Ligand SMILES: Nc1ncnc2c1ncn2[C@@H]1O[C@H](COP(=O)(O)OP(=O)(O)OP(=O)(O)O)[C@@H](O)[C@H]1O
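Presented as structure tokens, the chain that follows is alone, the form predicted alone.
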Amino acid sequence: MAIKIDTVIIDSEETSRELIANYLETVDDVNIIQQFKDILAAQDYIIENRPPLVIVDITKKTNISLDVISKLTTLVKNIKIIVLSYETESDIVIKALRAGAREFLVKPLIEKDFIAAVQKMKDLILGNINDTTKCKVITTFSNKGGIGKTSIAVNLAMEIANITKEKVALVDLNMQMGDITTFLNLDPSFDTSYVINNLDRIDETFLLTTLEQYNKTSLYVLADPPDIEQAEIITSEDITTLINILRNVFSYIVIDTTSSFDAKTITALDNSDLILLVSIINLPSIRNCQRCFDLFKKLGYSKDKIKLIINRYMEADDIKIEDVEEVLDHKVFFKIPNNYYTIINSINKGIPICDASPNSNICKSFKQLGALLSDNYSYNNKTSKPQNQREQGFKFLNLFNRNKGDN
């Protein structure tokens, strides 16, 4: 006989509770034992009955709800909580995850995302999977240097570690010109070549003592080799082996690469779950992006694998996001605002942006990006304005087409 997973639904909206219940009917072995309009009314019931799964909307009484969630995750061992909300602000997402929520879903619910989240919690509860069996590998890439991909890799990895509290490996595969240790003011004792030369010794203890832990956080850094000769003897096969080994220990791996399509970089891209293709909004960068997309297509990468990141974004740019999306035939996943002073201040101090300037717009942006790319957050993409509603003026597509045959 299958084990039934007792589940409590908490949502102030009756229609929403009904919708959730209907969705849950499609998931085997989930048993709704009670429904509540308010989390305070549900608190004592949950503590007494200890249901393994709770689904709660925190749109109303957000702070009170977060306090109760924190209390429940402390008092009820192994409880799994899925948080729902109409709010998408990164601060709310981060607070919910830190309070103990295992998933954050944006309302109105998308059925497949909701069922996927419930299925994941169900598998965790039943022991079919555990928290260390799944690792997400994220690689930052651009075939044009100097547009901020290393800064994105460093700050993204830091925020994912801060948000999830899970082990994150930040790997510098820019073998000859790596800057990650400079950005974090680290002087590690070991590097990529050392780990690769000791593959026969590797276990979790070895990795956690060899990679440089950053400032008592859950972020661990693997530096590039200090000598060119050491970098040159590392093979593509070594990189594949390294990534597979790191997957067994870390929940997330963030990789920074070179800005060229060499064999080692392509190996890293092949082994990645997501590629963050970084660009800025100008004609040369967008044309380089198009070349990247052409190669990614030849390599057989799906569109979902490629997330287009616009760095140094300014609202007043003549070239609009819609123009970029039209030229590249690819949606922009995220925009990072232009804030030169804050970035340089962070780099010169050798600390993450959110440590250097916690109230800045770019810190908020990296927190939001970290939340988006964590496995605990599902969101609805906002659709672009319809073509017939876009402002008329500068025609980037025409300029692009006019220059397309120049090279």
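It should be emphasised that the depicted structure is a prediction, and the values quoted were computed from it without experimental measurement. Sequential numbering from 1, following the sequence displayed.
Separately, the form predicted in complex with the ligand exists; it is not shown, and the next lines address it.
- request: Report the stretch among 264-272, 333-341, 82-90, 97-105 that approaches the ligand in the predicted bound form to within 4.5 Å, counting heavy atoms only.
  value: Stretch with heavy atoms near the partner: 333-341.
message: Would you classify residue 183 as touching the ligand in the predicted bound form, given a 4.5 Å non-hydrogen atom cut-off?
response: Heavy-atom contact with the ligand at 4.5 Å: present for residue 183.
message: Under a 4.5 Å heavy atom criterion, is residue 147 part of the interface with the ligand in the predicted bound form?
response: Close contact exists here: in the predicted bound form, residue 147 approaches the ligand to within 4.5 Å, heavy atoms only.
- prompt: Taking heavy atoms and a 4.5 Å cut-off, does residue 151 contact the ligand in the predicted bound form?
  reply: Although the ligand is absent here, residue 151 would touch it in the predicted bound form, with heavy atoms inside 4.5 Å.
message: With a cut-off of 4.5 Å between heavy atoms, is residue 369 one of the residues that contacts the ligand in the predicted bound form?
response: Residue 369: no, not in contact with the ligand in the predicted bound form.
The unique member of 325, 232, 179, 318 whose heavy atoms fall within 4.5 Å of the ligand in the predicted bound form: The option sitting close enough to the partner is 179.
task: State the residue from 347, 373, 356, 68 whose non-hydrogen atoms include one within 4.5 Å of the ligand in the predicted bound form.
output: Result of the distance check: 347.
Members of 293-321 lying within 4.5 angstroms of the ligand, judged by heavy atom, in the predicted bound form: Stretch hits, in order: 311, 312.
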